[in-house]
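Listed next as structure tokens is one chain, alone, in the form predicted alone.
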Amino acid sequence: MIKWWKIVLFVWIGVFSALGIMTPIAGGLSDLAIFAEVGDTRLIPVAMKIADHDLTEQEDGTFLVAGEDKYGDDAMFVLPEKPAGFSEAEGYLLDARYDKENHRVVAAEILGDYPGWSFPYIPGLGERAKIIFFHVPMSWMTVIAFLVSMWFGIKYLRKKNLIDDAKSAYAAGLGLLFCILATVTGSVWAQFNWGTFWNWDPRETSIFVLLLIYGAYFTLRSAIEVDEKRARLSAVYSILAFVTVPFFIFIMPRILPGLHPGSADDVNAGPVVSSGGMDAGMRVILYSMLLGCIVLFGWLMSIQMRVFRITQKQEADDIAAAEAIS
């Protein structure tokens, strides 16, 4: 029977994943002005709320209307066509640029109705910024899982309980899985943003080294047959391995120049999350996804421990049955 909290977990992750993907990106006049100042004519999505419902038709067949952006800044907007239902519309989401010479926003396409909620436009990222809702939680879960692995490794060395060794190994396995997912999502983002899946950026290099370190952890476990010896060496390895995690995740990417925000040569605000530059709505979704991943991690750990105990009981029953026959 499926417990209620498991249903809530899947709904939670599904809802916030959908919100992260489906919520539109919409910039404002300030974003358009930045591109116009440097002569960049690229189009970006802009949320326009109609100030009045008077359209002025231009000689070129376009329509001029007064409005304001999502931040309340007033501007004149040039629409490529007269939208259906214009008199009742609150506003529109436009693919637009700023006409610096005539001081107005020129829309190339009407993307949809005015969004009730939208994420801000991040220069250079646009829709690609949404990968943060998946990539960052995977990276954080990598650290959390490896920390749990070290914790149970220490507990094993203190109490010599093989259950603690199993928990340490399972946590490390889930940490390795999250690490792989963080690498994959990061590579997909790098392809869209930098044109290639892999750049040997310090952050990419550091996560690759972590994959090697914890891959070696499971190689060590598979090479030793004696349970107690395997558990002891694995516990020591998990402690030493986690010592490297803060360096590779938090220190190395910040002291070396690289492509990621927060690198040594980053002249902007720094890491998007910790610098305070993230929109409040994006933070809610990001932290909700992280919370969902933490609960999912705990559930997966409990499933693995349940299988471990069943296996142990089965082995004990087999030994007892063999002794009874003999």
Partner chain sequence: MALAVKPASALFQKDVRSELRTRYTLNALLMFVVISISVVLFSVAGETLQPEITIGMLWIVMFFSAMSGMSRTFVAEEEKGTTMTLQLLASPSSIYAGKLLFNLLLIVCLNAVIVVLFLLTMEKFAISQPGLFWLVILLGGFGIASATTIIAAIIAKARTKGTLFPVLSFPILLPLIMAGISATKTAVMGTTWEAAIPDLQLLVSYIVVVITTSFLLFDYVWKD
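Positions refer to the first chain, counted from 1. Quick caveat: nothing in here was measured; it's all calculated off a predicted structure.
A second form of this protein, the form predicted together with the partner chain, is not displayed here; the remarks below concern that form.
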For the spot marked by 212, 223 and 229, is every residue within 4.5 Å of the partner chain in the predicted bound form through some heavy atom?
yes
Considering non-hydrogen atoms and a 4.5 Å limit, which listed residue (233, 184, 76, 177) is close to the partner chain in the predicted bound form?
233
Residue within 4.5 Å of the partner chain in the predicted bound form by heavy atom, from 147, 157, 188, 108, is 157
Given that the partner chain is not shown alongside this chain, does residue 219 nevertheless sit within 4.5 Å of it in the predicted bound form, heavy atom to heavy atom?
yes
Close approach of residue 237 to the partner chain in the predicted bound form, 4.5 Å, heavy atom:
yes
Tell me, yes or no, whether residue 84 is in contact with the partner chain in the predicted bound form, where a contact means a heavy atom of each within 4.5 Å.
no
Is there a non-hydrogen atom of residue 241 within 4.5 angstroms of a non-hydrogen atom of the partner chain in the predicted bound form?
yes
Given that the partner is absent here, state which listed stretch (89 to 97, 76 to 84, 108 to 116, 201 to 209) has heavy atoms within 4.5 Å of the partner chain in the predicted bound form.
201 to 209
Across 291 to 321, the residues having a non-hydrogen atom within 4.5 Å of the partner chain in the predicted bound form turn out to be none
